[in-house]
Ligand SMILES: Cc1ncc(COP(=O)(O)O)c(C=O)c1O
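Shown next as structure tokens: one chain only, the form predicted on its own.
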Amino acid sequence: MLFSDRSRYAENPIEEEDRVAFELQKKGEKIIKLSRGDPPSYFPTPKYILDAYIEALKEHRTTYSKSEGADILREAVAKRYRRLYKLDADPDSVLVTAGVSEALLFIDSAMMNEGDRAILFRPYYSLYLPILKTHGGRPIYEEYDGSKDWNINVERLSKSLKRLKADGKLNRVKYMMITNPNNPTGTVLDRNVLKEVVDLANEYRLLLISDEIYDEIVYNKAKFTSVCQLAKGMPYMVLNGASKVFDSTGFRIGFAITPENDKTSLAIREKLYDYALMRLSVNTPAQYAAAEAINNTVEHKRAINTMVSAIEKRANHATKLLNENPLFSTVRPNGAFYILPKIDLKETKFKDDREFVDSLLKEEDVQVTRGSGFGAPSHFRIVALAPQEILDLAINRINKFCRRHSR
């Protein structure tokens, strides 16, 4: 056999409809793409960041950087976390990666033996599961509670951890992953809920990993709390990067922070560094541009405030329109830029969300993503980055499509 058994798990649900969309575009169809969370498509990367990239090129910053990342960027990340979250992180605790995706690859490569486990909360970011499975790991699912604004069901989590410990299975669990703000729900975790999750991770000696790539894209008066503000004195990791908050997805700059100095945290740092050595370096000029993006707080504040204000209006308006459709129930997001409506499939002619999404693209030229790719069957994800008139047009087409296929 040419391919490994694990290779069958390699997929990305966000992009699985792209080939269909491309074929439709070749025929002259104009596709409304609400499938990919790519801010620069609608909010051009700020000029001060582009200028920093150009300056890095002019200064011939085109050699390999340190495998763990350029010092200027690691120091900028540490200062940012000190400024925003009062985290006294050493730059040595920061590992620069080619986006959060590479950080996930490093983590699962380093930690997973065949049959080891990770706790994932559904709905989860779509790449968590395939990356985990392609490294031999298997998920233990917990839930964000869709009936309570997608916050974590802490009572259920506590019972599950107690049961895993009693059954002797907890020692195969390598980490517990949360996403805050959440992709695909747009939820910003309540601080008290997050504190309970941190306490449970500490009680059961679980490595807690928090993906906080949208940490400054928060609105509707919601308050974001970083895990580093609560998880003192225990092993944990924070994943973040420049793609979303600093509006530069194509730069592929992420970072993994392991702030504590206990034996486990230091071992994680060293092992992830070993993996960084194997890929040599992250894009060097992009690292210098990302450092300027973080350090220039005046320009960043202007850019992020403009973007978040627009996203808030677009997401709230789109949610209102979606909730006017009796086939959908939709929780309003308070962070990131995603909306995850639930479809009453019993009232449609579709057997599942995959068929719904595929037919919507082919019939109405609107591309969204199936919820089952995020562990949320009977849902679909909309990216609310496009201008309001485009979102209005797309949702009007979705509503027309639903009327045509209602029972």
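In this text, all values refer to a predicted model and were calculated from it rather than measured experimentally. In this text, residue numbers run from 1 along the sequence as written.
Note that the form predicted together with this ligand isn't included here; everything after this is about it.
Listed residues Ile311, Cys228, Ile213, Leu321 were compared with this ligand in the predicted complex; Ile213 is the one with a heavy atom within 4.5 Å. Proximity to this ligand in the predicted complex, defined as a heavy atom within 4.5 Å, holds among Phe106, Tyr288, Tyr128, Phe121 only for Tyr128. With the partner omitted here, the stretch from 242-250, 76-84, 186-194, 271-279 that lies within 4.5 Å of this ligand by heavy atoms in the predicted complex is 242-250. In the predicted complex, at least one heavy atom of Gly99 sits within 4.5 Å of a heavy atom of this ligand. The shortest heavy atom separation between Thr179 and this ligand in the predicted complex is within 4.5 Å.
Within 4.5 Å of some heavy atom of this ligand in the predicted complex lies at least one heavy atom of Tyr338.
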